[in-house]
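Okay, so here's just one chain, in structure tokens, the form predicted on its own.
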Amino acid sequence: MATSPIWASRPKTRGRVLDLIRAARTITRIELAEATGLTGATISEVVRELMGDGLVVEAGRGAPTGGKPRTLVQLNPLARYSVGVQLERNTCVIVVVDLAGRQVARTSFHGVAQMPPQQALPLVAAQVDALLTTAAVDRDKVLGVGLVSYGPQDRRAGVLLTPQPTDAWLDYPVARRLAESLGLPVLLDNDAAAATIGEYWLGAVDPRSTYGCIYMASGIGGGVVVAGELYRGSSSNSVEIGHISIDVNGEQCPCGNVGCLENYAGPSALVRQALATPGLAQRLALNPTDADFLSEFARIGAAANAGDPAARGLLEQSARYLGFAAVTMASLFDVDAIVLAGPSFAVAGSIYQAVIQQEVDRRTFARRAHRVRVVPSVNGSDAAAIGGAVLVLQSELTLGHPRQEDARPVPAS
């Protein structure tokens, strides 16, 4: 079984230095000392430890600065790997990433929602094993598995606090059971939070910035990162933007709130609206009995992109609602950017991006102080799965170990 690196000394310092090397791609020891405020001797010792563990390698010489060119260091991407598993209501996506967060293998399959967890999780474990074998990844280099799904959830206990997709999943120890099947540590986290931190790890945003993410798969979630740290809240069920009220007189949501954004702008809501639009359901061959409404939503998105006025009207209305949510996020957290991530945005992201940007430009409270950019995710439809793998890398390497208030990876028995 893979284990975490041995943090012989200064775990926080090692983690900070490793994260700086990751973010910079290549960097000299002098630049590391300047960035951290540590002495050159301390930096040299830490870098030597990282190189001894195989995490960092030398990468040639930097540009001359009047003296002897200094040696550059960079991550060794093949030194460690992690796995991300996105468990959706209708599908499961599994990715393997290297130490730099780059995807090296992927698979997906349907049908998990129709199974009880006792049957679904061994199937997921078998798919992970097969993917690692196919990718020829040394299992001893695999740090663990990031299992990401919708909320609410108890990350410390590794359980979902929702009876979705069926009652059997409520309070089921998903992290522990998957860890037992795989013989690898498993970290449970929210899919939107995972997608959010993945943007930071892969260098898509300024590491010093505050940015938000709106994540849309079968539901709508959100996340906020401040200088590389996820905003967690008191129970790590924060920034659930899909469950803010946009109609105080609206219908009650299963979450307990009323008039929730997800019930107006989410994929299932758009499918219902399309089925009620005269002629549209027939043109798109929508199936009112199909439980996989993401496929039906994809039909609407494709039609909107092709110029169908009714389909485009539905998507633009959804985008306006999401624009209201984006304005709320910007007003609460004063973000520099908002990333649109998830498979549903991958279907018709350009429409959503344009409309949400218009709403943010027009209505954000701090718009005269700075502009808030609305941008697509660098990780596309796999943002949550990749982010889940990244959370393992961050927890095990950059932090050295999870913070006390965060969930610890559930070890394999």
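One rule holds for the numbers: they count along the sequence shown, beginning at 1. On a predicted model such as this, the values are computed, not experimentally measured, just so you know. By rigid core we mean the largest C-alpha set that fits within 1.5 Å across both forms.
The same protein has a further form, the form predicted in complex with another copy of the chain, not shown here; the description that follows concerns it.
In the model of the complex, residue 363 approaches another copy of the chain with a heavy atom inside 4.5 Å. With a 4.5 Å cutoff on heavy atoms, residue 328 counts as touching another copy of the chain in the model of the complex. Looking at residue 295, you'd find every heavy atom of it more than 4.5 angstroms from another copy of the chain in the model of the complex. Contact check for residue 314: every heavy atom lies farther than 4.5 Å from another copy of the chain in the model of the complex.
The three residues 100, 308 and 373 each lack any heavy atom within 4.5 Å of another copy of the chain in the model of the complex. Interface residue among 204, 275, 79, 161 relative to another copy of the chain in the model of the complex, by the heavy atom within 4.5 Å criterion: 161. Of the residues given (115, 104, 332, 168), 332 alone sits with a heavy atom within 4.5 Å of another copy of the chain in the model of the complex.
Proximity to another copy of the chain in the model of the complex, taken as heavy atoms within 4.5 Å, picks out 231 to 239 from the listed stretches 122 to 130, 231 to 239, 300 to 308, 179 to 187.
Taking another copy of the chain as positioned in the model of the complex, the residues of 222 to 256 that bring a heavy atom within 4.5 Å of it are, in sequence order, 224, 226, 231, 232, 233, 234, 235, 236, 237, 238, 239, 240, 241, 243, 244, 245, 246, 247, 248, 249, 252, 255, 256. Core-superposed comparison between this form and the one not shown: the C-alpha position of residue 353 differs by less than 2 Å.
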